[in-house]
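Given next, in structure tokens, is a single chain: the form predicted alone.
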Amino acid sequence: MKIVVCCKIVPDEELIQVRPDRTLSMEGTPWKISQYDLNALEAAKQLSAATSGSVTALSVGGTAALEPSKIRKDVLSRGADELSLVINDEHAFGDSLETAKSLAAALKDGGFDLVLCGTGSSDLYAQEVGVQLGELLGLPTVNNVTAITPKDGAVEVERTLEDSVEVLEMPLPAVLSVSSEINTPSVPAMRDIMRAGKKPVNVLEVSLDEAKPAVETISELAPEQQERRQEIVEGDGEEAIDALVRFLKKEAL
């Protein structure tokens, strides 16, 4: 089985700086693989092992995100056999449709059995790229997948819904967006990190003329910062519990 995993490289949200005017500063913020795409990479690694298949990681983005060798090695150390990149600094890839069209342009010639995406991205979490990509490619598409079982010319997938588990059989090729519940991403071993430096990285020449943004970001502000309240309930036993309950009711918490 030939598997393509779409990976988004995003700024580390824990290290983004907030200026006094509440605007965000990305200067000096390191890049990382979107958390939810780690689940897609892990799922691909497991499927590849089960089917004696191959895994190609695919990412679109700007030079700052995709040029660093540390990012490339991180992706390749997580089970991918090779990495394909679409690097373009004229596009911000700031909305899901622009990103989906860019991925579709890279995948238009086929040559794969299965495309895996994370359920969303760590920065926007729109949960739209996978289903949009499937529609653009004209392939069977399912999101929120919590289990994948390979079959002859197809895959059996499970979707865990609110009060039931849905089981579907899908012909290949297909596009799946996997939930974070599908697995726990493994930490690359040292030998995987060492091998990653020897795996091929392909920079694709892809026309993104059709990948125009569908939305425009007017402004981006962090929430207003508020001082944390410090309420101390003194006392022991039932009196302290009663006082805490009264406080919670008063504050409607």
Partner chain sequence: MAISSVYVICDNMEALAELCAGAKSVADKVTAVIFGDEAAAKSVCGADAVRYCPVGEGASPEDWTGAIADEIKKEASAAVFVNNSIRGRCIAGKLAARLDTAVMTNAADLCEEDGKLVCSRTVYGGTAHRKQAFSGAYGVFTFGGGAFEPAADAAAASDVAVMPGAPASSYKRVALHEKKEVGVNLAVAKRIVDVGRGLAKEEDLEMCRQLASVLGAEVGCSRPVAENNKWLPKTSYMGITGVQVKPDLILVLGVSGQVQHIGGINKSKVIVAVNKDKAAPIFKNADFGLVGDIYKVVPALIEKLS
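Bear in mind that the values here come from a model prediction, so they are computed numbers and not experimental data. So that the term is clear: the rigid core is the largest set of C-alpha atoms that superpose within 1.5 Å between two forms. Residue numbers count along the first chain shown, from 1.
Keep in mind the form predicted together with the partner chain is missing from the figure; the text below concerns it.
Evaluate residue 149 for contact with the partner chain in the predicted complex, applying a 4.5 angstroms cut-off between non-hydrogen atoms, and reply yes or no.
It does not: once the partner chain is placed as it appears in the predicted complex, residue 149 has no heavy atom within 4.5 Å of it.
If you check in the predicted complex, is residue 51 within 4.5 Å of the partner chain, heavy atoms only?
Output for residue 51 is no: heavy atoms all beyond 4.5 Å of the partner chain.
According to a 4.5 angstroms non-hydrogen atom cut-off, is residue 163 in contact with the partner chain in the predicted complex?
Flag for residue 163 set to yes.
Would residue 213 count as a contact of the partner chain in the predicted complex, using a 4.5 angstroms cut-off between non-hydrogen atoms?
Yes - in the predicted complex, heavy atoms of residue 213 and the partner chain come within 4.5 Å of each other.
Looking at heavy atoms inside 4.5 Å, which stretch does the partner chain contact in the predicted complex, given the options 51 to 59, 65 to 73, 30 to 38, 195 to 203?
Stretch with heavy atoms near the partner: 30 to 38.
Quick check on this chain: which one of 87, 136, 154, 105 has a heavy atom within 4.5 Å of the partner chain in the predicted complex?
Selected residue: 136.
What are the residues of 125 to 149, in order along the chain, with a heavy atom within 4.5 Å of the partner chain in the predicted complex?
If the 4.5 Å heavy-atom criterion is applied to the partner chain in the predicted complex, 125 to 149 yields 125, 126, 127, 128, 131, 132, 135, 136, 140, 141, 142, 143, 144.
Using a superposition on the rigid core, decide whether the Cα position of residue 21 changes by 2 angstroms or more between this form and the one not shown.
It does not reach a 2 Å shift.
Superposing on the rigid core, is the CA of residue 238 displaced by 2 Å or more between this form and the one not shown?
Indeed, residue 238 is displaced by 2 Å or more.
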